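So this first bit is one chain, no partners, the form predicted alone, shown in structure tokens.
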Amino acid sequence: MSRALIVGSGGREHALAWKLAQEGEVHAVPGNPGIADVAVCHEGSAEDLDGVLETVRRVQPDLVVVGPENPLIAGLADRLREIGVPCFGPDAQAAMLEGSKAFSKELMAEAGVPTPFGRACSTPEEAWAAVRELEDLGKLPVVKASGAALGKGVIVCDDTEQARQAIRRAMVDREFGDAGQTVVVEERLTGREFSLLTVCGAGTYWSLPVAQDYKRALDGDRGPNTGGMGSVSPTAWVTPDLVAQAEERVVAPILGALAARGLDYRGVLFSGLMVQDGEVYCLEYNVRFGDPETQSVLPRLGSGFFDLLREVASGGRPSPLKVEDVVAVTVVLASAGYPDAYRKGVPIRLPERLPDGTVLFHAGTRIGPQGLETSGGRVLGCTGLGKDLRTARDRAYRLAEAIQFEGKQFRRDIAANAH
């Protein structure tokens, strides 16, 4: 039987383990209590590359799938390929598409990818000058930490005072650590967003079903940005023409620019997209599966996922998989206070039996003295599946309501505008 090792411990990794376990033997480092139901979990950390390599030597997998971005940015894929282990994930140079928004902007300009006007700034004074430049053009700013900030380094501003505070948070208070040492000040577009996850290998690509993510913490797209409070797939308003436009203008050119630098991208390319006046713009690239988009996308895929990832990891071309005619909605349950300070170690009570048509993905959980308890800001992902959007939403929320822990918070409008 084929054997895979997943690196990571969140909801995205649980979704990957759940899908791959249907087709092979799965191991994970470090995994989480939910992943342990479908895989063998090994102690360690995704950030400890030497430790991951030691686990690889013990497990002898046919495929390694790297979930989070930091190990890729640190060169885990490079080190695995050096010892002949197929790795689904780009090398360190290509991973800078996510590791540095400044580099990403530079490469987008080189490749002709449509993206909002933006400027990389290494001092607060430069950033403030860029904000004023946009203000003079009658445009609002977005302030982005250039480095990897776990999906939380983007501050959408409604006025210049918010922009001033955002620059201070990133560059003076160092709220995002080293990720905010450089910021990109970008023109704020208005429109609707969707995410495109594209499996890339051997200079070719195949896009997974489209998903829509919900970044803001509160209903009505209010509150601070988070790592994602829910997702839905498919998204009826995203037409095949929009997907084709995104592939032609956003995916293919950036792969070409990477290839021109001698980089063979093996992995999934996440394109965060905005549609304004019918035109697709790239807001950002990530170099791994989106979270929580993955929890809504993978349940819609037919068989062959294991072979698809292994073929790409080995240097081959991606082959399209069947997409099931089902709607998936994922509602994230978060700790009180998220995305700001939150408690850990809060006991979780799960229902004895999950409602029909649902899948539960663990994101920030652990086994403690009281049994299952919280260990992160985003705790669980409740995915509902159905023949239509209403059924999928009802099932996701039925599961969300059935789970109990003190301070549980979640948005009640996930997928309400997906038509």
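For clarity, every value in this text was computed on a predicted model and none was experimentally measured. One-based numbering along the sequence shown.
Although not depicted, the form predicted in complex with adenosine monophosphate (AMP) is the subject of the following passage.
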Adenosine monophosphate (AMP) is absent from this chain, but in the predicted bound form, do K101, V156 and L189 each have a non-hydrogen atom within 4.5 Å of it? yes
Listed range touching adenosine monophosphate (AMP), judged in the predicted bound form by heavy atoms within 4.5 Å, from 130 to 138, 179 to 187, 318 to 326, 80 to 88: 179 to 187
I'd like to check something about V346: if you look in the predicted bound form, is any of its heavy atoms closer than or equal to 4.5 Å to a heavy atom of adenosine monophosphate (AMP)? no
With a cut-off of 4.5 Å between heavy atoms, is R249 one of the residues that contacts adenosine monophosphate (AMP) in the predicted bound form? no
With a 4.5 Å heavy atom cut-off, would you call E175 a contact of adenosine monophosphate (AMP) in the predicted bound form? no
Any chance R266 has a heavy atom within 4.5 Å of adenosine monophosphate (AMP) in the predicted bound form? no
Contact residue in the predicted bound form, from Q162, N225, Q245, T204 (heavy atom within 4.5 Å of adenosine monophosphate (AMP)): N225
Go through V297, V280, A148, V142 and name the one with a heavy atom inside 4.5 Å of adenosine monophosphate (AMP) in the predicted bound form. V142
So which residues in 274 to 300, when you check adenosine monophosphate (AMP) in the predicted bound form, have a heavy atom no farther than 4.5 Å from it? M274, L283, E284
